[in-house]
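Single chain ahead, by itself, as structure tokens, in the form predicted on its own.
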């Protein structure tokens, strides 16, 4: 399912507005102990717990970080607005239960079965190339829930998560820039999982995205958050329930590297490549035949 322009604009506006709020509230970093004991931070922590839409596992976690992370994820950043596949009741456009869509004037009820499970397609970002006008693989939002190891965002460490938010580093490397050989393949009518770059036909615009960086994801704005804020988000994401997307088909082209398994081991065949070598592209989803290869936001 590809998000329409209206939904894309809405999500982008919400994210932008939310991040402005984060920067305004938390632009002056405090020592960790001071932040934990700050009355204003404690108010955010309490609000975070009050609005968390799913049960939280606090075992071995810092409640202050979890609560603040929930506030940043659910009241400021609207992460679920992009990182949710939506629900059948809302034609996969909204992550709300039937009768719980606030945009329809209904009391808000988030569907926990799709909370931060990823799967929204933002289309491609490359330059239309070849006879099919191929612009590269679709940008599909990542499952942010923890995997069977308990690590947030599908198995990334805190150090990696900080790097992702701070620098946009794509550890899965599922949308690299096209090589000259791949451009030849595209010109022959094929659709390799790479981003073609160059001049957009009919314009003077040079479209040269960097395939080593996350595309669409507004990490350049989120990068201004303090390490404490980013750590809080990670701690919260590690406390929410895991959603397994190895048991049902993902969106068209969602690659194996993005499969998230809740456990237990042995790891499902479709996600072996992810954990054997996070940069491997040798194993692709059997559902890729449903559409163009997909990549992660």
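All figures in this text were calculated on a predicted structure; none of them were measured in a lab. Positions refer to the first chain, counted from 1.
The following text describes the form predicted in complex with a small molecule, which does not appear among the structures shown.
State yes or no: in the model of the complex, is some non-hydrogen atom of residue 239 no more than 4.5 angstroms from a non-hydrogen atom of the small molecule?
-> No, residue 239 stays farther than 4.5 Å from the small molecule in the model of the complex.
Close approach of residue 213 to the small molecule in the model of the complex, 4.5 Å, heavy atom = Residue-level check for residue 213: yes, a contact with the small molecule.
Would you please decide whether residue 232 lies within 4.5 angstroms of the small molecule in the model of the complex, comparing each non-hydrogen atom pair?
-> No, residue 232 is distant from the partner.
Hey, in the model of the complex, does residue 134 get a heavy atom within 4.5 angstroms of the small molecule?
-> Contact check for residue 134: no, nothing within 4.5 Å of the small molecule in the model of the complex.
Answer option from 146, 118, 196, 77, heavy atom within 4.5 Å of the small molecule in the model of the complex | Only one listed residue qualifies here, and that residue is 77.
Looking at 100, 112, 218, 192, which has any heavy atom no more than 4.5 Å from the small molecule in the model of the complex?
-> If I apply the 4.5 Å criterion carefully, the residue I get is 218.
Spot the stretch among 100-108, 162-170, 179-187, 126-134 with residues whose non-hydrogen atoms come within 4.5 Å of the small molecule in the model of the complex.
-> Residues of 162-170 come within 4.5 Å of the partner.
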